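The data below hold one chain only, encoded as structure tokens and taken in the form predicted on its own.
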């Protein structure tokens, strides 16, 4: 797939502090990338450079082939950007505010009117569109800011904590919108501390710490890489006695790593669960085992995140 966002050696220095250091990253067309890291890691600075708001100190970056420094105007017209602090004009009415931004994007009057109505309906704000933004709750203001970032159907949408201050229903509306954008071929660059949101939405995760990229991959790739192979747990209805040992020693010793077991319980890891688990279960059945459950122990993205942050 086409690489839409590309960063090579991207670096930003602020006097005595380096906020982002030598970042190399590629994001494909139609991909959702979750950009994770603790406060002060360099996430917002990275987004500001990629959206042509902040000039890099060194390195280069492009969006849809446009250089973020030399072709900053073209980049800004291609992207949508939801900042952590939206900065709305609170004295304006919601619809007028969005129409003003649509005009800045160069959208025709009829086009922006239809697009604004479509998004207001999608996020449940159509009935409140005549009210001033100062009358909106914090969650409603966040929705308006998100609509603003989506007005021009951007090829790349940069979202910084999009569901902060939102109730569960509103947060789900945002997640559904992100999934819809991905389905339409838009690229989403998602900065979030919500690990559930990152894992459920993102195709890949990038983790940054002290300005440096420390991990990149799919959620499952990162779990396997940093937590090891998943743990399989088997529960039996009745004791199998010494058959556990016999089964493991006869042909399975090189395929599974037993963590603990009793007469009715076994926990193990395997590097090739697709091949090993069916074979092992068939052998258990042949030995007369009555299997109650076979389950993979849940490995969370939070475990990966904490491990990486603490180790680094």
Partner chain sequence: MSDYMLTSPAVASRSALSLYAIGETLADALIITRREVRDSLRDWRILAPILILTLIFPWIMNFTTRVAIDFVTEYSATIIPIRLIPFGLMIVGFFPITFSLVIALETFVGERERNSLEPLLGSPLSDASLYLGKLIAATALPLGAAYIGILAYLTWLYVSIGYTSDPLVLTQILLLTTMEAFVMVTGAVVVSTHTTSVRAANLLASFIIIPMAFLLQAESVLLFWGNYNVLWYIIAALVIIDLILVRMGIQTFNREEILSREVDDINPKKLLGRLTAQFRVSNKFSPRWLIAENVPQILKANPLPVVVTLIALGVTFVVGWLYAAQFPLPPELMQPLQVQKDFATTAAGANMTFMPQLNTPAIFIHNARTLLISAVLAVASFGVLSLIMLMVPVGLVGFLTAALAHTGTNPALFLAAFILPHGLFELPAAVLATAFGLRAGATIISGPRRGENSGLIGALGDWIKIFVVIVLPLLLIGAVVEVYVTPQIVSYFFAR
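Quantities reported herein were computed from a predicted structural model and do not represent experimental measurements. Residue numbers count along the first chain shown, from 1.
Another form exists, predicted together with its partner chain; not displayed. Remarks below refer to it.
Contact with its partner chain in the predicted bound form, defined as any heavy atom within 4.5 Å, is confined among 257-265, 271-279, 45-53, 29-37 to 45-53. Although the partner is absent here, residue 100 lies within 4.5 Å of its partner chain in the predicted bound form, judged by heavy atoms.
A residue is said to contact a partner when one of its heavy atoms sits within 4.5 Å of a partner heavy atom; residue 16 meets this definition for its partner chain in the predicted bound form. Proximity of residue 70 to its partner chain in the predicted bound form falls within the 4.5 Å heavy atom cutoff. Using a 4.5 Å cutoff between non-hydrogen atoms, residue 143 does not count as a contact of its partner chain in the predicted bound form.
For the candidate spot formed by 12, 86 and 104, every residue has a non-hydrogen atom within 4.5 angstroms of its partner chain in the predicted bound form.
In terms of contact with its partner chain in the predicted bound form, the residue from 81, 115, 182, 223 that brings a heavy atom within 4.5 Å is 81. Though its partner chain is absent from this view, in the predicted bound form it lies within 4.5 Å of a heavy atom of just one residue from 92, 126, 214, 237, which is 92.
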